[in-house]
Structure formats: structure tokens, C-alpha cells
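Just the one chain here, the form predicted on its own, laid out as C-alpha cells.
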Amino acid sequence: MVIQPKIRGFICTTSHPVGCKEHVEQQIQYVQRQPSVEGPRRVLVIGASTGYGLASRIVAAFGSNADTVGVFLEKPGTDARSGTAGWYNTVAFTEAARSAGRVAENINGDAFSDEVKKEAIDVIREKLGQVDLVVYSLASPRRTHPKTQEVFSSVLKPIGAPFSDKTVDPNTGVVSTVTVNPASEEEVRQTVAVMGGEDWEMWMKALMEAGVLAPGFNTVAYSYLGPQLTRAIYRDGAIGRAKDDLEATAKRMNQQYSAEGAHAFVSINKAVVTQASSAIPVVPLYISLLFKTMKERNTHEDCIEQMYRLFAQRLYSGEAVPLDEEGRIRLDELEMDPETQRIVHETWKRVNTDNVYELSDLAGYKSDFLKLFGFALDGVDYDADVNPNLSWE
């Protein structure tokens, strides 16, 4: 079938298998061009099919020759419709990793559930024995608690007072003012339950009790801090409370696992285009301005460059892992560079519908968004017939 992008709101409802493969191969080739990393050899990635999780798996496999187990929730394609981008990403990664002689095992299911945790433990025990790195990179709007069966839903809202500022519709380029009402206490509680540290801690407890964590293991979860422009809707909002909980969880696990010589880290990463970020008011406009500034200053990075730096210059540099005053890894220092932020802030005051393409990299933002689904990649014939029904088995 011929597959073209179908955009509905902030979602692309189709994915291109050949384009996704090309996108994965480009990331693999980037890592292969870099110096190898004396890093982990057996890695579990929870949330392994897109974004930072996928990039982490690629760096582990092709940067430090690691065997990997990936956990995710994706839909396969059929003869009549395309699967999700994460499914095709995983097919492409698995084929490449196995061709390179690496173990690449996949678990498709609800990572919040006890059943998937048990399945992951069984696969690790059978295929890897133990793991020396656990990457926690889940991004889900909902979570069913495995013990109580309560269903939580997260919100992207400020706390305490309404928030108003500029935003852009990436599909039309219209810059407008958006107002978001504050989250209720219940919405904050549910957001923390979805995006906080409880599930990460449950994973580590289950892995520890099963004996599949190697001595001196590392575990890392991903977070974002952001600038003053997005602070009210992000770090000071409901999602920020969840990130605070994630960081508190890391500190707690560091104390729990210190006897094993293990470490739990939170890595503060740079803003990138994701499905989730596209839905957050203000953020697409901020990212578009940021990308233009960072590209002009030659400091721009995407997921794969960030994750290579995380492995090569932070976690496995041979030196003590550098941390900020809150005990976090900082990979956002290029984004948060004072001059970069000054330029973005000044441009923010002037940007409007008439000049948004001139003052920002909205075109690059839109291209990156399409690439998430395997579109807008050079060298791919999007008019060609492709097989949407792919599997890694």
C-alpha cells in the first residue's frame, strides 16, 4: 500500500515502515561514526521504541556492543493499515542489532503491569542473565495501577492560577494566545501517579528481588527542566510535580542500593520534538525558536546526540558522573546557555503569525515531527507501494 501522513490535531495517525527504518539507520550510523563507549553490556530499556528510549537502545547496542531487552506498547501493521512508528522502529532496530551479532529481545505490552515486569525478568534471566543498566523512558498519558487497578490520567496544566502566553499551531503557523486553567489537586495527584517515580521504583524492586540486576548496576530516568518561558506550564505545573517525584525516587533508590554499589540517576535532557511536546501549549513555539537559535550557534542536538553524550561523557566516561546541586545529570546545558536563552527570549517578544517562519525554525519543527512517523526523510519514495505488515520475528 502507499502510505502518506495523516495529521489529526497533534497526532499523525499513519507511519511509514521504510521511512522509520531509514530514521533508525541514520541514528545507528551516527553512533557508529563516534568513538566506542566502554559502557554497559546488558541493558533493559523500558519505553524503548521512540525518542530518548530508542536512542538509548541504539547507543547501547552500537556504541558499547550491548545486548538489549526493550519494553514498549505499540501496534503492528496489517495488510490494510500501517502500524505505529514505534513498532516499525523496533523492527528496524532488531534487524540491525541481530545482524551485528547482538541479542535484541522485545516485549510489547503495558509496562505498568506486573505481568510485563515478570515477562521482562524471565527474558533477562534466559537471554542475558542479568542487566547492568536499566533505562526508564516511559511516556504515557495514562496508567493503570498494578495493585489497585485505579486508572490515572495525566494533565498538562499549571498549578494555582491560569496561565496565558503565546503558542503556535504547527500545522497552520498561526501564533495566538492560549490560556490554560490550573490543575485541581486530584489532577496533580493523578499526573504524579502516571509520570512520577512510583513505577520506576516498582520495576527496580521487581528486578532486584528476581536477582537479575548485576552488581554495581546503573539505572537512569529522563526528565526536563526548561526555561522561564515554559516554567508555569511545565516545571511549575502538574507535570513538574511528577518530575519532582521522579527525582525524589532516584535519591531514595540511591540510598536503598548503595550497598550494591549501584546508582540511580535522573538525566535532565534538552527539548526535542516528540508527540507529547507537540500537545503542550507554548512548547512548540519555544522549541521552534530554540532550534533556530541553536542551529545558528552550532549547538543543536537531537535525541541520538544527547544519548551518545549521556553514555560517553556522563555515565561511562571513566570519571565520577558529574551532577548538579540537586544530584541530577545535566544534558541541557547547551539549551540553557545564557546567550541562547537571551536570544530566544528576545525573539519571543517579536514573533507573530506574519514572521514566525522568518524568526523561528517552525519548518524544521514540522519536519522533525513528520520524521517521528517515518515521513520527510530524504531518499525514501513515499509514492511507492510498501508492506505495512512487518515483524522482527
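Everything quoted here is computed from the prediction, not taken from an experiment. Each residue number is its position in the shown sequence, starting from 1.
We do not show the form predicted in complex with nicotinamide-adenine-dinucleotide (NAD), though everything after this point is about it.
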Heavy atom within 4.5 Å of nicotinamide-adenine-dinucleotide (NAD) in the predicted bound form - residue from D245, E305, E105, E74: E74
Residue (of N269, S288, T219, S154) lying close to nicotinamide-adenine-dinucleotide (NAD) in the predicted bound form, criterion heavy atoms within 4.5 Å: N269
Proximity to nicotinamide-adenine-dinucleotide (NAD) in the predicted bound form (heavy atom, within 4.5 Å), stretch among 91-99, 256-264, 180-188, 137-145: 137-145
Exercise: G51 in contact with nicotinamide-adenine-dinucleotide (NAD) in the predicted bound form, heavy atom 4.5 Å: yes
F311, heavy atom within 4.5 angstroms of nicotinamide-adenine-dinucleotide (NAD) in the predicted bound form: no
4.5 angstroms heavy atom contact with nicotinamide-adenine-dinucleotide (NAD) in the predicted bound form for G211: no
Contact test in the predicted bound form: D110 vs nicotinamide-adenine-dinucleotide (NAD), heavy atoms, 4.5 Å: yes
In the predicted bound form, residues of 171-187 near nicotinamide-adenine-dinucleotide (NAD) [heavy atom within 4.5 Å]: none
